[in-house]
Each structure stands twice: as structure tokens, then as C-alpha cells.
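Here you get one chain, nothing else, as C-alpha cells; it is the form predicted on its own.
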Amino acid sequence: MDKQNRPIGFFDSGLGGISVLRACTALLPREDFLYFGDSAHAPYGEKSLETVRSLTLQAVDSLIDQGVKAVVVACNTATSAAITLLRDKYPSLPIIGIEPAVKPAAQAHNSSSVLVMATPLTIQEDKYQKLAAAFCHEANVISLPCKGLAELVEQGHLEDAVMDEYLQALFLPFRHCSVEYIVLGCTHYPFVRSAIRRNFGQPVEIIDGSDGTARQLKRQLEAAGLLTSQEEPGRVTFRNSRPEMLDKCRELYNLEY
């Protein structure tokens, strides 16, 4: 197979990266994608840095062994923890990460306060801290660690009382704050966008980094001469470290949210 017609590898700690995958398949509909979710070890956002790095390297090594032409690390935690290590290890391979969309939120004309929802490890990491600091002069950037939220999404609590109860408690300190934007800093969180909006208690714009990651993937494939020559629609193949989650992968890929 010509290198340009090989699949694009996708990696996430579980199901969350499917939200990024959807943005990429919409922008690049003729590309083939191979998605691996490590649901057996989810959530990554509450593990140690060393554990996340080890799991991420193992997963990406496996995708590369399967002949992918590029890799998207569709996990904010894994990107923060391991993207530099991956690029050092595979310097000739396009490797695209994802980061919270703090910049567009902070620079929006009507933005004074931005609430960033992310996993505890993402918020602790130097990569995120530098990102937040870079825009703190343009908006009040509030970092909100969401312990357990990604796990609830993995368990299927998208629009139920369990999710509502969790979010109401999480947002309680911000009931009377003026927040114009919520940034979803974990790829699991877009699947509960409507629940977040409903439980926040005031009008708010909600954004994530999926579209930006898709555009960056396209730019890197173009620069490397790796855009597919296939004319027919591309295929998406799902794999998961918990095979019983494959039906859930397909369900989320087709979910309206």
C-alpha cells in the first residue's frame, strides 16, 4: 500500500477521542482511520505522570507497528504528558496532539472569565500551566479539575441523574460568577455538552479543541505529502483494550450531541 493511503492512527485513553475523530473524518472524509481506545486503563487523568507516559507510548508504538502514516493523540492528558517524548521518538512521523482551546476563548471579544474543565493531571502539567498563563492577561482563566468526570462518560452516564448530580456539585462555587466561556479540556467532555450547559445555571459558550486538531492534522498531512489519493469515502476501524466497548465506540461516533 502506498504510504499516503495508509490509515491515520488515533489514540485516546478510552472513548473521549471519538469526539475528535468525528471532527477529523468530517474534514478529511476520504481518509482511513484506525482508532484505539484504552478503556481498560481509563481514566488517565487521575493516574501518575509516569503511568500515563508508559501507557501512551505503548499504544502509539502499537499503532505504528500497524502501519499508520500519522498519529493523533486525541487525549488532553496524554498530550500533556507524552507528546514531546513521542515526537522525539518518531521525528519523521506527523504526530498531532490536542490542548484546551484557551486561546480562542480568552481572545473572544466578549470574554472576561473563562472556565477550563480538565482532568487533574492535565491541569497539573507544565504544558497546561504555560498555556493558561499565556492568556491570563486577556481573560480571567479559571482552571477546574474534574475528578471522575471522564470515568462517568466511560460508564455511559451522559444524560442521566448521576451526571446531573455530579455537575451540579462541581459548578456550585461558580453559581454567581460571570463566566462567558467554558473550555472542555478533555475529549470525553463534549459528549456531555448539553448536560454541562443545563447544569451550569447561566448562559455560556462552550468550546473544545476538536476542530483545531482536525485542521492541524490536515495541514501536517499536506505538508508531508500524505493526503490520500483514494476517491471513495474512508473507513473507520475501532479497537479497544476492552473489546466489549466496541459497540459503545460505534454508538458514540454516530451520536448527535
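The model shown is predicted, which means the values in this text are computed figures rather than measured ones. Throughout, we count residues from 1 along the sequence that is shown.
Keep in mind that the form predicted in complex with D-glutamic acid (DGL) is missing from the display, and what follows is about it.
- Although the partner is absent here, Ala82 sits far enough away that none of its heavy atoms falls within 4.5 Å of D-glutamic acid (DGL) in the predicted complex.
- D-glutamic acid (DGL) in the predicted complex is not approached by Gly37, whose heavy atoms all lie more than 4.5 angstroms from it.
- Contact annotation: Gly209 falls outside 4.5 Å of D-glutamic acid (DGL) in the predicted complex, judged by heavy atom distances.
- For the chain shown alone, Ala150 is a contact residue for D-glutamic acid (DGL) in the predicted complex, at least one non-hydrogen atom being within 4.5 angstroms.
- None of 68 to 76, 83 to 91, 135 to 143, 163 to 171 except one has non-hydrogen atoms within 4.5 angstroms of D-glutamic acid (DGL) in the predicted complex; the exception is 68 to 76.
- Heavy atoms closer than or equal to 4.5 Å to D-glutamic acid (DGL) in the predicted complex belong, across 43 to 62, to the residues Pro43, Tyr44, Gly45, ordered by sequence position.
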